[in-house]
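Listed next as structure tokens is one chain, alone, in the form predicted alone.
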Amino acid sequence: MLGKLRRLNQDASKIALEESERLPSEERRRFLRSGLFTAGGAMVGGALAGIAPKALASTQFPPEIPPWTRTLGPGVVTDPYGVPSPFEKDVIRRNVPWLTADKVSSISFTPLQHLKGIITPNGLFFERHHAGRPEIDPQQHRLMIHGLVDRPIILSMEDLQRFPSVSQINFIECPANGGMEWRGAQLNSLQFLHGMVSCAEWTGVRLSTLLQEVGIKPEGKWLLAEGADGAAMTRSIPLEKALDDVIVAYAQNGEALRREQGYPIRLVVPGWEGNTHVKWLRRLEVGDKPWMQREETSKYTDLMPDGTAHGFTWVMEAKSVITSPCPEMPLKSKGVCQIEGLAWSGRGKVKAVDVSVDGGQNWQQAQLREPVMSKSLTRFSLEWKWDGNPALLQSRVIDETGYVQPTLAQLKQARGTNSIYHKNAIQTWKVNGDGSVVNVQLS
């Protein structure tokens, strides 16, 4: 009987899909939204009467009542701090064990394939540590601002929160995101290839407000930001950027920063390399030139084909990636589906995203999903009817400055293959005839 019920549902769904495909696009959308298509809907209503009640009861599908509707569940504050459903246990950050020598100086990757919208949950925001995660008592933490200033100060957390607060939604991306792929396709995973980017609402104090409080001397042109971790992570930032849109953040997505995200305070430097967003912030020093620290000389510089290295390449160039389908989210059947993805730019807003299903020979403009904000992740989608044949899926973003995401060949021509950072080339997913998806590179 159960087999008969399943066949009825499958047959009804097939009929509904075939009928919908004969309709104009807008009418078909209304048809699918009507609910007639789901699990056969009303089309199998009459047939259900002929199925034995015992067989129906074991399905847990309408019109039967499932067991969880017949019992009482756990009460309030069973979980004083809410946690995901156990059925979402696989939606987690992951790392690549062989990528670094030790976890204290390593990376974890956000599961982009499972995320909805543009905000990354705090527990899934990617991690990058240089000396592990310090445990800091906020009552014992201080922020010192000194150097070429008129009134050096040391601020407690309570002092910091006396200043006017601001909130802004920005992405943070490690410049090494995708960096393993310069010389060829390495990993068959969206999460491991592009998961060093996340987006959140950040709340804190404008850095310009704090610098106005201390008064900058005329010769002050640069700012050194130093973290309180074991690596004393430090980066030089031009004063022009510091006075623009940088904030000293103490909250993320409506709650205090997570420990791995810099608790109790961090910098947020919109659109710039993730390493400039110094976590566990303890010191800001104003100077007349950059400090040329380790993380801006031997690290986070771009080795060019002629042996020279480009430094202070802060801005994260425009980039996009298709998140469904992808290796972790294969196609399960032929027919109409949504190609979905994420796009972003360190220069401002996403202006447009194009999608190709034939490896870049032809392009269609995707629909941008609101909200579209500056230096934030942006969702895009395109309706596609997969016919079951192999396909090569790509996306390319154009930002509001007119910058167009390059092909891999264009990027290699400009920068060679010696670099690790700023690989923002167009990503190609190959869809096989069985619906599986693999990472490939096109010459």
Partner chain sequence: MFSFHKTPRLLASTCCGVILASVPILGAAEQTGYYGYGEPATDEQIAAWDIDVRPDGMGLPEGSGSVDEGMAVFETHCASCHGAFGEGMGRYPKLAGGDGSLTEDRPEKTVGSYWPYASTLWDYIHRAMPFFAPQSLTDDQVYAVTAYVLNLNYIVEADFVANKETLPQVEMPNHDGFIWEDPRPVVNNERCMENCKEEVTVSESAAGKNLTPSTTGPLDEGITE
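Note that this is a predicted model, so its numbers are computed, not measured. Numbering follows the first chain given and starts at 1.
If you look for the form predicted together with the partner chain, you will not find it shown, but the lines that follow are about it.
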For this session: Verify the flagged residues Thr69, Cys337 and Asn389 against the partner chain in the predicted bound form: is each one within 4.5 Å by a non-hydrogen atom?
Result: no
Seminar exercise, completed: Heavy atom within 4.5 Å of the partner chain in the predicted bound form, from candidates Arg369, Arg151, Lys332, Arg259, belongs to Arg151
Exercise. Any idea which of 260 to 268, 195 to 203, 100 to 108, 78 to 86 reaches within 4.5 Å of the partner chain in the predicted bound form, heavy atoms considered?
Worked result: 100 to 108
For this session: Examine Arg133 and determine whether its closest non-hydrogen atom to the partner chain in the predicted bound form is within 4.5 angstroms.
Result: no
Problem set entry | Interface membership of Ala414, the partner chain in the predicted bound form, 4.5 Å heavy atom rule | yes
Exercise. Does any heavy atom of Val431 come within 4.5 Å of a heavy atom of the partner chain in the predicted bound form?
Worked result: no
Exercise. How about Asn418: is it within 4.5 Å of the partner chain in the predicted bound form, going by heavy atoms?
Worked result: yes
Exercise. In sequence order, which positions of 380 to 412 have a non-hydrogen atom within 4.5 Å of the partner chain in the predicted bound form?
Worked result: Leu392, Arg396, Ile398, Tyr403, Val404, Gln405, Pro406, Thr407, Gln410, Leu411
